[in-house]
Ligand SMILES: Cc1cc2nc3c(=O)[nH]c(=O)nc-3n(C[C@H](O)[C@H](O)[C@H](O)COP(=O)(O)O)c2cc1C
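Form predicted alone, single chain, as structure tokens, below.
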């Protein structure tokens, strides 16, 4: 994806080391008469050139200066490969679990905005950075989405319970309705009953906020970009004392229901790929998570 060039080089400060030329993936910069100079007509706006310059002679205006967070501080100096504690990183990854019990305590908006910012530190295809973030910042807003999602699944269940509709779906629709019926119908029906009868939230589990992570269709890999950003948010939420849970049922409802999309003010060229429920956890664990054993494949040995 080509972006307008916003790179600026101070020729008086430039020492002609050529490091910015070497790291530029778009060949936006070249060496002329011993100095770096912007000669390209497009840029990835990745900021590699600015980050590598030893004398601070390069600036990419399209990027946020400085990158700051309200809820925490960090050292802006680059952490070189091998300089971090891998054990602590793995411990964080194994300590973060899907949370389904939350305290009824709202999350400050500044914390939610920090999570969005942290999401944007993820890589994106061709550095397009065309993620989208829709924030439901209160329990009331989460319940509104829950109500609309329940309405969608009530309608879907009424269709799925009809054998003749499942038959036509098998013939003409790849058996999508039949697959849903056998895998999810009963669980969804029970959840709808609990919500309608006792207001028990089996969808968002009482979460007080939700971040919807999406992508613009013009991105080269919008789904992958959104899921990478979501992982950053999940890990950062744990560090900030929050519990989190990915809600796939909400994503499907948003994808298929125009009324929900209108409520969320989603433009036509945007898709939501992750719904992250958030809140202060009302659960505590003594051990990190375990995983099924995985055997990697080495096909070219």
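Bear in mind the structure is a predicted one, so any value in this text is a computation, not a measurement. Positions refer to the first chain, counted from 1.
Form predicted in complex with the named molecule: not shown, discussed below.
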> So in the predicted bound form, does residue 63 come within 4.5 Å of the named molecule, heavy atom to heavy atom?
Replying inline: no
>> Even though the partner isn't displayed, in the predicted bound form is residue 267 close enough to the named molecule, meaning a heavy atom within 4.5 Å?
In response: no
> Counting only non-hydrogen atoms and a 4.5 angstroms cut-off, does residue 98 reach the named molecule in the predicted bound form?
Replying inline: yes
>> So, residue 151 and the named molecule: in the predicted bound form, are they within 4.5 Å at any heavy atom pair?
In response: no
> 66-74, 245-253, 39-47, 258-266: which one contacts the named molecule in the predicted bound form at 4.5 Å, heavy atom to heavy atom?
Replying inline: 245-253
>> Residue by residue through 283-297, which ones have a non-hydrogen atom no more than 4.5 angstroms from the named molecule in the predicted bound form?
In response: 291
